[in-house]
Structure formats: structure tokens, C-alpha cells
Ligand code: TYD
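In C-alpha cells, one chain follows: the form predicted on its own.
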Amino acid sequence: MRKLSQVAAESTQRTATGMPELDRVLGGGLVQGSVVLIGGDPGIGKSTLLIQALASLSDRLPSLYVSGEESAEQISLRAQRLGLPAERLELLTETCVERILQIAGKAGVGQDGARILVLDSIQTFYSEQLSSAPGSVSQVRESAAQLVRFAKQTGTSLFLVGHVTKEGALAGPRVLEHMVDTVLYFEGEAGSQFRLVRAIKNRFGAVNELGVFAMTDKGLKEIANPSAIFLSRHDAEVSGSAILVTREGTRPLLVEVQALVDQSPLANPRRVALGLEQNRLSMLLAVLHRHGGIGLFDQDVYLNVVGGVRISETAADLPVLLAVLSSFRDRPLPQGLAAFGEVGLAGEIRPVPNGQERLREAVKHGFTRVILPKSNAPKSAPDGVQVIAVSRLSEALDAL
């Protein structure tokens, strides 16, 4: 037992994966002895992402890719199709954890510093110490425990691929997420080429960090400027569209929020929100009625965040109401307008974190008018930008 003051806090050594967006989500790169769990829908690109990263890392570090689902020929075909340099990448098709760890030790993985080990996927492996079938709760827990112990004792950087349920959560016992250091979720809309990797848990970096990729015939490509893909530059002004300046992890993003308000034939009008919480939409519509004097109790309201992004922060409140009002009145918002701000139940516009960074991101992309909370207003506005600071919802509506 030691006192906390006696423990030396050494700086964490990180290894670049060769994919900057993946490094961003991991907190700056791979940490020696870290365990990363990646989940996502079938076919979304989990194996593609890992084999690309491993092919880049294998030139510098001994790496081993263990597959319990695909044959060696299938993995080789994928690597050839992606044009990956995989001369030094070791491949193993095995499902017994004890044998995997034995072979990994002989292959040099886990010796003399940080090494890389990928297991795809954790639900297919089993331990000889248990008699239950692979994929059962006890097998997943015991297999993960042995792998995590190996990673910590040898300094191996370990990637685990996890299946997800039909609700989108990681399958298996919840304790699996507590055992690992980092939990990443692979997200993406069906039919869309864009893929989002989101950090839900990270002991070595910021949580809720976001990495943006595009799926191409040559694998996943990083998107260096994600705001550009989430913004739709319409040829003509359209109603029901507002630009939100959101923040994912350490990076501000510009995202388009679209609303459609239409006369409802139902006794209970529909409230549909894609990319935002539906209950919050209902609450904002009540605030708009109470403090803006605009009732939508006989209108269907459909809301969508362009690009398949899911927004969980409250800075989207003000842009959502502006998009809804624009669609209801069938009047486009002014060109070059962006907004952010939380709307309270009393009709006040509350400040949001990192307001100055959000403003700079909007200016960088050519926006000339920004509606923001008064508490987030800068002392001096940037050149060529009109900053509209508001403290009440009525002030924001009047400014339009």
C-alpha cells in the first residue's frame, strides 16, 4: 500500500496508428497495455478499420490479427482488395483463448514493449476452463478477463471486436465494458458512405470524441474536415433548414438541422426526431408555444440531423426551434446564418460550453451571422461577422 503522493505520474507513451481520425478517438494514439473494445452493426467496417490500422502498425511493431469468424483466405482477399502492405502482419484463425495467448507469446507479441493484438470477435472465443458454449455470458467474461490480464502484464495493446444487439448496444455482460480501458462505437446510416467512430469510454482521453471516415472501394478514408460533409449548400434558399454549431469531444462541428412542419390529419400530431431526442423536441415545441406565441398542436413535426449524426448536447435547442419556425412559416432563414444555444423552460437562452471555439468554427466556414447566448458573446466580434447575442427566445425570433 502506498500513498498517492508517492506514486510517480509518468507521461503516457502513445503509438500512432497511421490513421489520424482513429488516433483522435483513442486520445492521441495507442497506449501500451490498453484494451480497446469496438462495437457496431454487422458489415459497418469494424474489421476493415482494424486491419487497415494493423497493416500500418505491423511495419513498426509485431502485430497479430486473430479471427474467430473469418478464414485466413477471406482476410487475405480483403487485404488485397484494399491494397494493404501486409507482409509483416501475422494472421491466426483460432478460437481457444489459452492457445491464442500461447501462440502470441511465441510470436513475440507482448514482449519488449508495446505490441498489437486484435481479436475478432470476443463472442466467438472460449476458454478451456469452462464447459459452456462460446458466446455465453460466462465464456465472454472469462475470455475477456484472461485477455485483459495478458495485455496488462505484457504491455500489449489489445483490440476486441464486440457484437451488438438489435437495439445497438454491445452484446454480452455489461461487465465487459467495465473491464476494458476504451469503448468505441461504430455508427453509420444504412446506404451512407460515412462512418462515425465515437468514444463512449476512454481512460486515456476525452470521452464522446468523434472520428469521421468515408467507406470507399479502397477501405476507410479519414475525413479531415467533417463540417464540410454535414453541411448541404443549397442552390436556392430553402425553408426548414438551420445550421447548428455543435461540439463532439474536443472538436466543434457544423451540422445542418432540417425540420418539416405539416398539417396533421391525426388527433395526436406526430413528433419524429432523427438524430435528436424526441422528448426534448416535444419540450421545445411547448416552450415555443408558451414563450414564442406559436402553437403547433395541430401540426406534424419531423426533425432530421443531416449526415446521420446523433446530437446529445443542449446547444441544438435554438437551431431546432429556428428550423421548425422556418418550415412552419415557409420562410427560409437568412443565408450565412448559424446558431447555437440551450433553451430553458422559462424561455431563456442559456450559455453552452466553449462558445468562442464554436464561433471561430462558424467564421472559418464563411458564416456571416451567428445567433448565440448573450453569456457566450465575445467582447469584440470577428471581422465581417454579425454576432447576435440573445438572452430570451423572443429576442432570437425578433432578430430574424
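Just so you know, these numbers come straight off a predicted model, no measurement behind them. Counting begins at 1, following the sequence as shown.
Beyond the structure shown, there is the form predicted in complex with the ligand, which is absent from this document and is the topic of what follows.
The candidate spot formed by K46, L82 and M215 is fully in contact with the ligand in the predicted complex: every one of the three has a heavy atom within 4.5 Å. Although the partner is absent here, E348 lies well away from the ligand in the predicted complex, with no heavy atom inside 4.5 Å. The ligand in the predicted complex is approached by G219, whose closest heavy atom lies within 4.5 angstroms of it. The closest heavy atom approach of D41 to the ligand in the predicted complex falls within 4.5 Å. In the predicted complex, at least one heavy atom of R78 sits within 4.5 Å of a heavy atom of the ligand. With the partner omitted here, the stretch from 333-341, 24-32, 46-54, 365-373 that lies within 4.5 Å of the ligand by heavy atoms in the predicted complex is 46-54.
With contact defined as any non-hydrogen atom lying within 4.5 angstroms of the ligand in the predicted complex, the stretch 248-262 contains no contacting residue.
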